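The chain below stands alone, shown as structure tokens; this is the form predicted on its own.
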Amino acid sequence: MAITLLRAASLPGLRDAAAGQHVCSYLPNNNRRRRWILCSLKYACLSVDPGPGEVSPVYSSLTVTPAGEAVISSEQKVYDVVLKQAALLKRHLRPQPHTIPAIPKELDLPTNGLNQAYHRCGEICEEYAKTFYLGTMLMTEERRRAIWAIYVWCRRTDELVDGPNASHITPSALDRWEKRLDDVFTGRPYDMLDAALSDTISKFPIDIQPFRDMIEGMRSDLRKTRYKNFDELYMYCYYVAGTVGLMSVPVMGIAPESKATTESVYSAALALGIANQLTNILRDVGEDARRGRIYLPQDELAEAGLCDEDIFNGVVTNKWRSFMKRQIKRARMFFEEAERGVTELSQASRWPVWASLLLYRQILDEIEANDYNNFTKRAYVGKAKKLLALPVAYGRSLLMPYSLRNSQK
């Protein structure tokens, strides 16, 4: 009998295991059949179909064969990265014994070169992400410049496969870009924009893994145009967007009064990246189809009675509306998961994150307003709505961390 692992928020009688550990136990299932549980921080394992109302919504799943061979879900693989990033940040925040601090390696730049490098990063951020840039102006100068440097590296990486020269990009070109990333992390920048990131890395506990994973997402775009299920799509969303959250948390900082675990803050940042990318995918269905790409779970399309030809034909039907409602509901679940984590960030860092969350979530509203026609109509948030979102985002940035409010109840 195969066993399916499901992510579940809570189950009767089930306790969370310690991070990275798995335990097995069994619970009686209304005296009908035995139900076996394999649990970790975020996963449960059921050997039979649950009764009504027994399990909370599932994000992704995996299967253990009768031979005991397990295929780890994308979500669990990514959560392992989350644990690693959280551990790095916690080590950085832990009081250190009195030692002579290491002298950082000076970057080989002209006088005032770093200031010029960061200034250029800020210009690029302002040009391509105006609302986010405005929010960064509330941060401390060091954090603001660091976020600009990360943003610019991510944009340059994305443009390798989506920019004007994308048709000429090969896997070997991405290999060279990854080698260049290694040089950045060892203090050997290639140009002034690399230098800004290299300097940022020297000041914050930022790990190279999310950066490498983003490059892996670009490789995926070169070789893959279909995703057979949400598990595959989730991994892609992590690669190209969830990684940004993991890169940013050490710079954004966690509020000193927060009672949330470091892992939960990283998980929320990851969820925001996943939500943003799912929103991008739903907004760009028609545009991607014209390039021969379908970033939608093939099995869920089939369940809805749809196929690739329906996407390429671009006709809005009741089947399509039903399918889209399911996809939008999932994206909103990730936005909801992200919301609590935003409140745990340092207060000066929250505004741009809140603005990004609120504006991206409104794109889903616009898709609905377009009667789910994302084939020929591009859902976008108008300037007036963007301006209205800014004070709302600012107001939310002043809220007490959710973990603190929850502990006072």
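We number the residues from 1 along the sequence you see. Nothing here was measured: the structure is a model prediction, and the numbers come from that model.
Same protein, other form: the form predicted together with a small molecule, not shown, and the subject of what follows.
- Checking R332, R155, R293, R120 against the small molecule in the predicted bound form, a heavy atom within 4.5 Å turns up for just one residue: R155.
- Of the residues given (A149, V184, A269, V78), A269 alone sits with a heavy atom within 4.5 Å of the small molecule in the predicted bound form.
- The candidate spot formed by G217, I328 and N374 is out of contact with the small molecule in the predicted bound form: none of the three has a heavy atom within 4.5 Å.
- Residue contact check for V265: one or more of its heavy atoms lie within 4.5 Å of the small molecule in the predicted bound form.
- A residue is said to contact a partner when one of its heavy atoms sits within 4.5 Å of a partner heavy atom; V342 meets this definition for the small molecule in the predicted bound form.
- Although the partner is absent here, A338 is a contact residue: one of its heavy atoms lies within 4.5 angstroms of the small molecule in the predicted bound form.
- L364 falls outside the set of residues with a heavy atom inside 4.5 Å of the small molecule in the predicted bound form.
- In plain terms, the part of the chain that comes close to the small molecule in the predicted bound form, with a heavy atom within 4.5 Å, is 245-253 out of 200-208, 83-91, 245-253, 310-318.
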